[in-house]
Ligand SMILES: NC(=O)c1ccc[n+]([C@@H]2O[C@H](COP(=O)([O-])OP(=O)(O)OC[C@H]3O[C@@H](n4cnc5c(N)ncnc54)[C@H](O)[C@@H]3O)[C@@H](O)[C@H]2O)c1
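Below you will find one chain, with nothing else, as structure tokens; this is the form predicted on its own, and questions on how it binds or moves follow later.
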């Protein structure tokens, strides 16, 4: 079957994606900060380079797909760490393995969020999209709001994806993203136990139209669908919301 690489495959959504791919008979190269084939800290330039070099060494003939799934929640401090991992880390490794995915005309599925549309600081998003990691990080720490760091990073990632999808397609790569809503993972469990976020998160969960939180399996199924060249071969540049109907409820006139 296929050979895939991913970041953040040790727990939560990433682990569910890994297990789904393995169940289909694929091979999966996992990058994570622990319990992985390649150990790397994507908050640092050195870690990102180690991830790219490790994947290239393990897949010299190319990749059928790549999933930059490593991420942290808005409860992480300082807020700049959220942006360093969720945006700059994801983007650096994606760009770094682009040529490997192009060799097999494969697919890349990024991890956005329905939080991307719920609040961000435009100045920070502009700094992210300009590649100014130091400037974006300094501004986020000055603002001191983890949710703006999380939502802003996911919004910037989605904007980058939409703009980059044409160039990637010209290299034979379908570039898409899933945008999960609230999903039960160790990451969201940490948020629910944080007094700063707990009450807001519980109200958010109650408002999900489909009546339940998402499960990692829900996101994994959607991700593997977008990776599949037979089922999703004409889908490119798309942000697929997997959020129980939340985005449609909150933004009925935007699609």
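Positions refer to the first chain, counted from 1. Quick caveat: nothing in here was measured; it's all calculated off a predicted structure.
Only in words, not in the display: the form predicted in complex with the named molecule, which the text now covers.
- Proximity to the named molecule in the predicted complex, taken as a non-hydrogen atom within 4.5 angstroms, holds for one residue of 94, 185, 80, 176, which is 185.
- Of the residues given (226, 55, 42, 220), 42 alone sits with a heavy atom within 4.5 Å of the named molecule in the predicted complex.
- Only one segment in the set 148 to 156, 167 to 175, 99 to 107, 133 to 141 has any non-hydrogen atom within 4.5 angstroms of the named molecule in the predicted complex, and it is 148 to 156.
- In the predicted complex, residue 11 approaches the named molecule with a heavy atom inside 4.5 Å.
- The shortest heavy atom separation between residue 208 and the named molecule in the predicted complex exceeds 4.5 Å.
- Remark: residue 85 counts among the residues lining the named molecule in the predicted complex, judged by a heavy atom distance of 4.5 Å or less.
- With a 4.5 Å cutoff on heavy atoms, residue 67 does not count as touching the named molecule in the predicted complex; it lies far away.
- Contacts between 112 to 129 and the named molecule, taken as any heavy atom within 4.5 Å in the predicted complex, involve 112, 113.
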